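Consider the single chain below, provided in structure tokens and representing the form predicted on its own.
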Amino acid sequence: MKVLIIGGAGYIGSHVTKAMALAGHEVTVFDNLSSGLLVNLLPAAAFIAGDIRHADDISAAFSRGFDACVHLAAFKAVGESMVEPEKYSVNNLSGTINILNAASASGCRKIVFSSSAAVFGSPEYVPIDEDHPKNPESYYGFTKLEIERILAWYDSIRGIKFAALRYFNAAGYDPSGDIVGLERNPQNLLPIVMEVAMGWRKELQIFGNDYDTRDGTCLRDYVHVSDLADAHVNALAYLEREGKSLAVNLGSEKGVTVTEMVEAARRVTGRDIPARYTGRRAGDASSLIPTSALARSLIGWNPRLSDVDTLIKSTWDVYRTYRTPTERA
């Protein structure tokens, strides 16, 4: 298939682009490079510079004719979304509407959407399944849930079939070393831990140590980014084969606290990694642990690389190739 990967130069997007190309799809990346990096794109991937906030940009891209698209172009920082909701409204919500309108006009009828565990909010029970109540506690999570609802309407009215993939915490790097560009201004735990390990940051701030978890720090499910990329390939195959929309959780089904992740990183890297506990961050749920049984059943997905040591080592192998943060690709 001809697949347009929107946000395909980003951290997750570049891994998805690689997986789609390896699966035999003809891939084109659409990205504004606000956080994405050209160095992470495979030579086989065509590139279109553009921004989903500009309807003309995304319409022009779709006019080239695509069988399917993957939508990964969202702002994703939970804390930032609580202080700058306008930014998330324009990009995540209005940008998605631009994508869907362009897809509809061009005849593209399959979309794989990068959703999030943030749609659930604090769990009422664990493990979290797809039917769990959806009460996001951050504006970022709200935008992801609202996009899922918009997708359902475009399915009903325009026949655009979608796969909403609810990631838990993406981490790790391509084990083969093809993707080496580091995120600029990372917001997620493991890249920040790596920056402290490299000496690029003085210390790690751990937001809250009074949660109802085994050590008081937030409990999360971490899933390797290459495993997530495989899920996109499987989900697209499902849409082609079954012609039905779906929403599934993607997680390793293993809970790791922030403190446990830091301790494991100290062991794997051999670095001290200074850390300091500080106050809770708005929008953070205490525990988010899923069941991925539906993803196994519907799209045949099983994570292969999502153990803690592989997550850390594959990330550390990339970070330690740089001497200073200004060298990062």
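Note that residue numbering begins at 1 and tracks the sequence as displayed. The term rigid core refers to the most C-alpha atoms you can superpose between the two forms while keeping them within 1.5 Å. Just so we're clear, the structure is a prediction, and the values are computed from it rather than from any experiment.
Just so it is clear, the following notes concern the form predicted together with uridine-5'-diphosphate, a form of the same protein that is not shown.
*Asks:* Partner absent here, but in the predicted bound form, which of 176-184, 98-106, 240-248, 198-206 has residues with a heavy atom within 4.5 Å of uridine-5'-diphosphate?
*Replies:* In the other structure, the partner sits against 198-206.
*Asks:* Can any non-hydrogen atom of A229 be found within 4.5 angstroms of uridine-5'-diphosphate in the predicted bound form?
*Replies:* Taking the distances in the predicted bound form, the answer for A229 is no, it never comes within 4.5 Å of uridine-5'-diphosphate.
*Asks:* Taking heavy atoms and a 4.5 Å cut-off, does K110 contact uridine-5'-diphosphate in the predicted bound form?
*Replies:* Because no heavy atom of K110 falls inside 4.5 Å of uridine-5'-diphosphate in the predicted bound form, the answer is no.
*Asks:* Is Y222 close to uridine-5'-diphosphate in the predicted bound form, meaning a heavy atom pair under 4.5 Å apart or at it?
*Replies:* Yes, Y222 lies within 4.5 Å of uridine-5'-diphosphate in the predicted bound form.
*Asks:* Just checking whether A152 would be counted as a contact of uridine-5'-diphosphate in the predicted bound form - the rule being heavy atoms within 4.5 angstroms.
*Replies:* Residue-level check for A152: no, no contact with uridine-5'-diphosphate.
*Asks:* Three residues, R53, A77 and T143; all within 4.5 Å of uridine-5'-diphosphate in the predicted bound form via heavy atoms?
*Replies:* Checking in the predicted bound form: none of R53, A77 and T143 is within 4.5 Å of uridine-5'-diphosphate.
*Asks:* Of the residues V90, V126, V83, I192, which one places a heavy atom within 4.5 Å of uridine-5'-diphosphate in the predicted bound form?
*Replies:* Spelling it out, the residue with a heavy atom inside the cut-off is I192.
*Asks:* Tell me, which of L72, C218, L236, A164 has a heavy atom within 4.5 angstroms of uridine-5'-diphosphate in the predicted bound form?
*Replies:* Exactly one residue meets the criterion: C218.
*Asks:* Are there residues in 156-174 with a heavy atom within 4.5 Å of uridine-5'-diphosphate in the predicted bound form, and which are they, in order?
*Replies:* Residue within 4.5 Å: N169, and no other.
*Asks:* After core superposition, I'd like to know whether Q205 moves between this form and the one not shown (criterion: C-alpha shift of 2 angstroms or more).
*Replies:* After core superposition, the displacement of the Q205 C-alpha between this form and the one not shown reaches the 2 Å mark, so yes.
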